[in-house]
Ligand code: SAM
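Single chain ahead, by itself, as C-alpha cells, in the form predicted on its own.
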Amino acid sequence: MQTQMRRVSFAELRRLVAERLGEKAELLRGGWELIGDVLVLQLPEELFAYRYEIGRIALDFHPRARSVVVRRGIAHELRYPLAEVVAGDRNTLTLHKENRCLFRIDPCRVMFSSGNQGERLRMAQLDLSGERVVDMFAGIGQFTIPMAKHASPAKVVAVEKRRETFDFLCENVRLNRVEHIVEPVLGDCRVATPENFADRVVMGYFFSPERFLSTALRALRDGGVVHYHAIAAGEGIDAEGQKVVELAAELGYSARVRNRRIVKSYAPKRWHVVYDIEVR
C-alpha cells in the first residue's frame, strides 16, 4: 500500500512555533519556499535570534525538507543570496523540478525565487516559433530553460555576469538537453548582449532596470518585444510602464505597453511587475 504524504501548511508550522516561543510566533509571516528539498524561510529581525530553534521545528515538521535555510535578502548587482543553513544537511545543493524543467541549484549560493513560478510558466507558454531571444539576466536559467524547452524558439542567448551562477546555468542547459537552442554567454549584459539580433528580450532584473533599457533596445533586430521587470508602488503600476515607453522614445524608439502582469508582492504596497513592451 502506498503511503500518502501528509499535507503541511505554514499556519500549522506557526502553531508549532507558538508552542515554543509563545506570542512571538505571530511575527512569523510570509510562508516558505521549498526549492528541491531545501526549505527556505524569511524571518523578521525580531525572530532572527530564534532562527536555529525555528529551523529545527520546520525540519521536523516538513516531510520533504532535508535542509532549512533562512534567507535575509539578495545582495549586490550579482545577486548573492544572504542565506544561512539553520537546520539539517549543510550541503544545500539540490535538484528542483518544475513544469517538466530541471534546475540544479544551491539556494545558499545562487538566487532563485519560487514567487516567479507563474512568470516562468508564462514564458513556457509563449509561442516563440522561429524567434531569436536574448535573456539579459539569465541567472541559473529560470526563464531561459522554460522558453527553450517548451516555447520552440530558434535560439536563446542567455547572458549571465557572475561566474558561479553561469556554471549553474550551463549545467541546467545540459540537464534539460537544450544545448542546440541555448547559447550561454558569460559577461556583463551591457557588453555581451548581441546587437540587431533578437525578436524578444527578457530583462528579469528589477533594481533600476532603466539602466539597461538601451542595451535591450539595441538587441532587437527589427522591433519586437521586451519583457521589462520592475518594482512599482501599488498606485504607480501603470505609471511605471508609461515611464518605459517615454524612455524608449527618448532613445529613438516607438513603444507601447502591450500587457503588464503582477508577478508577486515584493514589500508592503510594492509589487514586482513585468511589462511586455512592444517596440517598433
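The model shown is predicted, which means the values in this text are computed figures rather than measured ones. Numbers for residues come from their place in the sequence shown, where the first is 1.
Separately, the form predicted together with the named molecule exists; it is not shown, and the next lines address it.
Q: Would you please decide whether residue 176 lies within 4.5 angstroms of the named molecule in the predicted complex, comparing each non-hydrogen atom pair?
A: No, residue 176 is distant from the partner.
Q: For residue 111, is any heavy atom within 4.5 Å of the named molecule in the predicted complex, or not?
A: Residue 111 belongs to the contact set for the named molecule.
Q: According to a 4.5 angstroms non-hydrogen atom cut-off, is residue 183 in contact with the named molecule in the predicted complex?
A: Judged by the heavy-atom cut-off of 4.5 Å, residue 183 is well away from the named molecule in the predicted complex.
Q: Does residue 73 reach the named molecule in the predicted complex if we count a contact as any heavy atom within 4.5 Å?
A: No.
Q: Check for me: heavy atom within 4.5 Å of the named molecule in the predicted complex, for each of 210, 241 and 273, yes or no.
A: Not one of the three qualifies.
Q: To verify the annotation, which of these, 104, 79, 155, 150, has a non-hydrogen atom within 4.5 Å of the named molecule in the predicted complex?
A: After the contact test, the surviving option is 79.
Q: Which of 201 to 209, 167 to 175, 122 to 130, 84 to 92 has heavy atoms within 4.5 Å of the named molecule in the predicted complex?
A: Of the options given, it is 201 to 209.
Q: Since the partner is left out here, which residues of 177 to 199 would have a heavy atom within 4.5 Å of the named molecule in the predicted complex?
A: Contacting residues: 187, 188, 189, 190.
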